[in-house]
Ligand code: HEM
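Take a look at this one chain, the form predicted alone, written out in structure tokens.
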Amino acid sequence: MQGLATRHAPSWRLIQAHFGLGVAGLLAFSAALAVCAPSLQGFFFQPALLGLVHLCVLGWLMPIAIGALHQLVPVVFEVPVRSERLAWIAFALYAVGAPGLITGFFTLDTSEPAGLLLTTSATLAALALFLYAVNLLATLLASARRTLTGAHVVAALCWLLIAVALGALMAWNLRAPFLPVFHVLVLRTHAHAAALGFFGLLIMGVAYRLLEMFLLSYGAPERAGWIGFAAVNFAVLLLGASFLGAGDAFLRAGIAAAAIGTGAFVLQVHAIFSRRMRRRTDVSWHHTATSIAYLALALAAGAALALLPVGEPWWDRLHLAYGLLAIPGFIGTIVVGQLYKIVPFLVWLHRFSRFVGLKKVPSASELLPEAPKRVQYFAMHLGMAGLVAGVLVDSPALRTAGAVLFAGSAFLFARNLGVIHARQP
């Protein structure tokens, strides 16, 4: 656990701000999902679905990912963040731009002045993410350390820059079309650069480091991790090329590379898990294991869409299921699981550690009992199961029940983190 502590870490306030924004985004996303669940169907390029996806990614997942990077990068590379002031500037831009962009997608009104709000907000959000990525990359360049996690973080940030550039171009294209290719094809490339390139590689690399720390696992061979790193990068390249017109051969090769990368990730996690000194597993590990199952299911759904003659209505249904399994399923689940480890430790570090030896203090794991976390775990994944099943069989009642259960789990998660954050020595 001490691996998350370093003299180079930025202020606790910076991490709190990002995590707080992300939890607020999760609550907003879960509530919006419950409201939209009865009509959650049809082609994915529509206002409600675009709004939900961007509320999930930009409102919930991205602030938490950025906050975690600002804590983890100084640890892995043993250098301070290049500029904490720049991180705060980026946060301010993001806090203004992201909500405006999400609102613009829910309406998808490109007439004036709504169109100007959409493009201005997209520009502000893109600038914020660009500043985040450049600041973190500059931090990495100041270190001579080269690790498996570090390689994943560098590649993830590069894919983030590509995804951000494509996203900003599409936002401006909606207002005044200028792209030489169909915007939906660019959207597919943007989505996979963000989901698989940024979040996928980031989760893989960070998971290796955090699992080693939290499971007290050392000395696992890294060959599978490096194979997965190469395969996932290759997959994003091939898939992006196929979406932009390179042909079906690139698509099939990209799917194969993604499958190899997923398998290698699972093997590397297994290698770390098999060497653990801490034998007892907890809810955080259950979230991590469940997220891998979501990843495998998302890969299967994506492969079916790409390789099988899927007709209507299954085409649209599988697309929606693919998105649910990949984004709130895989990415969201592992984020929730790791926050159950990161937040208690950081609260303990900043509030309790100085009293060690002076009086009795709880350990980080004792700041919140396991029971509320277990309830949240089951509610979240029963909700996800209901949502995906409701989409596949086109049942509004099942979708609504799943979304309401997921929303309940989101509020319970926020409550659990609130209890941890409120603890005082």
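Throughout, we count residues from 1 along the sequence that is shown. These numbers come from a predicted model, not from an experiment.
There is also a form predicted together with protoporphyrin IX containing FE (HEM); it is not shown, and the following applies to it.
- Per the 4.5 Å heavy atom criterion, protoporphyrin IX containing FE (HEM) in the predicted complex is contacted by stretch 118-126, the sole one of 225-233, 351-359, 250-258, 118-126.
- The closest non-hydrogen atom of Leu101 lies within 4.5 Å of protoporphyrin IX containing FE (HEM) in the predicted complex.
- In the predicted complex, at least one heavy atom of Phe45 sits within 4.5 Å of a heavy atom of protoporphyrin IX containing FE (HEM).
- When contacts are judged by a 4.5 Å heavy atom cut-off, Gly240 does not count as touching protoporphyrin IX containing FE (HEM) in the predicted complex.
- Residue contact with protoporphyrin IX containing FE (HEM) in the predicted complex: Met62 places a heavy atom within 4.5 Å of it.
- Shown without its partner, this chain lists Val343, Ala194, Val335, Ala133 as candidates; in the predicted complex, only Ala194 has a non-hydrogen atom within 4.5 angstroms of protoporphyrin IX containing FE (HEM).
- This chain lacks the partner; the member of Arg276, Arg82, His183, His286 within 4.5 angstroms of protoporphyrin IX containing FE (HEM) in the predicted complex by a non-hydrogen atom is His183.
- Within 4.5 angstroms of protoporphyrin IX containing FE (HEM) in the predicted complex, the stretch 198-220 places a non-hydrogen atom from Phe199 alone.
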